[in-house]
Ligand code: UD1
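As structure tokens, one chain now follows by itself in the form predicted alone.
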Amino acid sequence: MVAVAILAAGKGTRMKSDLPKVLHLLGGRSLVERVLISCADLQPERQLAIVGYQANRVKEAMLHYPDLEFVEQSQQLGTGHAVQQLLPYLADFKGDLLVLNGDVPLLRPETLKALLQTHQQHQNAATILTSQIPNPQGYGRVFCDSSNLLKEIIEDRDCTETQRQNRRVNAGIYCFNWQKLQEVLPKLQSNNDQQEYYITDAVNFLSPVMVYDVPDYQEILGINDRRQLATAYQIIQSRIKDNWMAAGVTIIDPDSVTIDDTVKIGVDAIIEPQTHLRGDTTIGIGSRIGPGSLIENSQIGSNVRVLHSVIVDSSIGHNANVGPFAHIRQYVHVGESCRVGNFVELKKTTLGDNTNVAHLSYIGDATVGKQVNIGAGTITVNYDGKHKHQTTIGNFARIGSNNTLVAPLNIGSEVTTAAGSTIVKDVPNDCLAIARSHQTIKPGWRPKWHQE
């Protein structure tokens, strides 16, 4: 049996924010959520978050994890004190406890799996995650024997010059035999400059204690300020983009592209420079996205072209073309082989297959049939100042350029509307609708000021 405890009580003063540190976003997910995801493959029997600063806010942010238990640490008196708060919650638990930090979000699932396997195979009382980092200045050094059994942990300020050459540091990630840890937690003391209780002190009462080195030291990097948050984002982005390129996706300029790890991309897709893919987004096989495009929480079909455009909360059918400079938002569905052209905005609209809205149009709150052509400069007047109204356009309609369609409005199938029309009444199937003022010509006319 495995229980996971996540230390998430701190304020994060160096973040300079009212938001609890563990709730800061890293690539679309909070830091603490990334920690939870990293241990999901272990299928722990219990998951507990130790919370303190703005505890209710942290709880509310994690409501989508119904099995997550919360433990209050009203005073933040160190990591040992935080783990002591688990005693009444895990009084009857028999198994191993994995202690993670809510501000160390870069751990890979396979690293935690290897840590747990090492701990259980050797029947350790405790196993400490360590790594050898290029510049260990400021970190406590971990010393062990040839069998990776811990000898001692020495703080940087207490190391001799020779000891400082050791680059193995403590990552602050532990796996404990809970029953053994349970016995020693009450023995922790705060005899230090900070007058805090440290979980590392528990190691002194336990045996055997082993270390497990993670090869990639970047996994153990913590987040204490905005610069470190930005560094972590770059690391995550490198991982994501490397994985997609290995899977058959072309990313032309990886340094200018960002991709959330919730995004799915089909093979032979091409991601152009300055493109950003976020949230619950899917890009189909062979599609070409960008340059200069943002797609968020949207599903893009296969062989779609999106150029210099923004698509949010919408779906685009196969073989469609979008842009340049289109804005598609709020639950739009664009059918297959459609064209949504330059400076077109769609909102809460469905376009049937093979329909074109090619130039300079706003179509909102509308249902448009298949093989419809909407002329340049056409708008749906969907808002009366208080309520939004619907426009429906039937199959095979031809909407003339510079039309104003005043909703609520139903335009039938195979209808043609004349250019420059303002359509305010429903139009039946198979007809021509003309709604213009009569043109008047006055020969020799000049404005009054010109006649003086």
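Remember, it's a predicted structure, so these values are computed and weren't measured experimentally. Think of the rigid core as the biggest set of C-alphas that the two forms share within 1.5 Å after superposition. All residue numbers are counted from 1 along the displayed sequence.
Heads up, the form predicted in complex with the ligand isn't pictured, but that's what we're talking about next.
Trainee: Does any heavy atom of Asn354 come within 4.5 Å of a heavy atom of the ligand in the model of the complex?
Mentor: No.
Trainee: With the partner left out of view, is Gly78 within 4.5 angstroms of the ligand in the model of the complex by any non-hydrogen atom?
Mentor: Result yes; Gly78 sits at the interface with the ligand in the model of the complex.
Trainee: Does any part of Tyr212 reach within 4.5 Å of the ligand in the model of the complex? Heavy atoms only, please.
Mentor: Tyr212 lies outside the contact set for the ligand.
Trainee: Using heavy atoms and a 4.5 Å limit, would one call Gly317 a contact residue for the ligand in the model of the complex?
Mentor: No, Gly317 stays farther than 4.5 Å from the ligand in the model of the complex.
Trainee: Looking at the ligand in the model of the complex, do all three of Leu97, Asn124 and Cys175 come within 4.5 Å of it through at least one heavy atom?
Mentor: No: no residue has a heavy atom within 4.5 Å of the partner.
Trainee: Heavy atoms within 4.5 Å of the ligand in the model of the complex: which stretch in 361 to 369, 180 to 188, 217 to 225, 261 to 269 meets that?
Mentor: Selected stretch: 217 to 225.
Trainee: Quick one: from Ala326, Ala232, Leu86, Val104, grab the residue that has a heavy atom within 4.5 Å of the ligand in the model of the complex.
Mentor: Only one listed residue qualifies here, and that residue is Val104.
Trainee: Can you pick the one in Gln73, Thr378, Thr111, Ser309 that has a heavy atom within 4.5 Å of the ligand in the model of the complex?
Mentor: Of Gln73, Thr378, Thr111, Ser309, the residue with a heavy atom within 4.5 Å of the ligand in the model of the complex is Gln73.
Trainee: Relative to the ligand in the model of the complex, which residues of 171 to 202 have a heavy atom no more than 4.5 Å away?
Mentor: Going through 171 to 202 in order - heavy atoms within 4.5 Å of the ligand in the model of the complex - the hits are Ala171, Gly172, Tyr174, Tyr198, Ile199, Thr200.
Trainee: For Lys347, state whether the C-alpha moves by 2 Å or more between the shown form and the other one after rigid core superposition.
Mentor: The answer is no, as the C-alpha of Lys347 shifts between the shown form and the other one by less than 2 Å after core alignment.
Trainee: If the two forms are fitted on the core, does Asn243 show a Cα displacement reaching 2 angstroms between the shown form and the other one?
Mentor: No, the C-alpha moves less than 2 Å.
Trainee: If I superpose the two forms on their rigid core, does the C-alpha of Asp156 end up displaced by 2 Å or more between the shown form and the other one?
Mentor: Yes, the C-alpha position differs by at least 2 Å between the shown form and the other one.
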